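Single chain ahead, by itself, as structure tokens, in the form predicted on its own.
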């Protein structure tokens, strides 16, 4: 389960942010995750409490925003949403597409308790 190692890296990053800002505790962590990120959301949510145990992040809320999968067609220029298992253009059917969004795993925000 590589989601545990993803959570451990996330917790380390968030804890460093908290320390740099003199926080006593982390209240919440917000992520933006695309369907092609390679991360299984339910496993990430399950691993989060274990990875954050004993840190400033322990007990914080993990909020996950799902990023849509968007493609840009190099044949006709259309940018549109797609399904992870069908990366062809909705307009012309071309498979000459480029992923514009949907591969990301981004730390969007951290809410800290400072006093």
Partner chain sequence: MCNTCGCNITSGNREFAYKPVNGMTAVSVLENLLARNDDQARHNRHHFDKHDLIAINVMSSPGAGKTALLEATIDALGNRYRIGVIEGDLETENDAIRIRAKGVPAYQIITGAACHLDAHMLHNALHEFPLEGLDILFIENVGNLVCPASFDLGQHRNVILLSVTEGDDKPAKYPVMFRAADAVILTKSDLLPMLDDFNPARAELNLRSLGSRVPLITLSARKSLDLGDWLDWLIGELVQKRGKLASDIPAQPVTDLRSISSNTRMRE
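Since the model is a prediction, treat every value here as computed from it, not as a measurement. Residue numbers count along the first chain shown, from 1.
Only in words, not in the display: the form predicted in complex with its partner chain, which the text now covers.
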| Using 4.5 Å between non-hydrogen atoms, is residue 88 touching its partner chain in the model of the complex? | yes
| query | Taking heavy atoms and a 4.5 Å cut-off, does residue 60 contact its partner chain in the model of the complex? | reply | no
| field | Contact of residue 37 with its partner chain in the model of the complex (heavy atom, 4.5 Å) | value | yes
| task | Would you check, heavy atoms only and a 4.5 Å threshold, whether residue 95 touches its partner chain in the model of the complex? | result | yes
| Going by heavy atoms, what in 89-115 lies within 4.5 angstroms of its partner chain in the model of the complex? | 95, 96, 97, 98, 99, 100, 101, 103, 104, 105, 106, 107, 108, 109, 110, 111, 112, 113, 114, 115
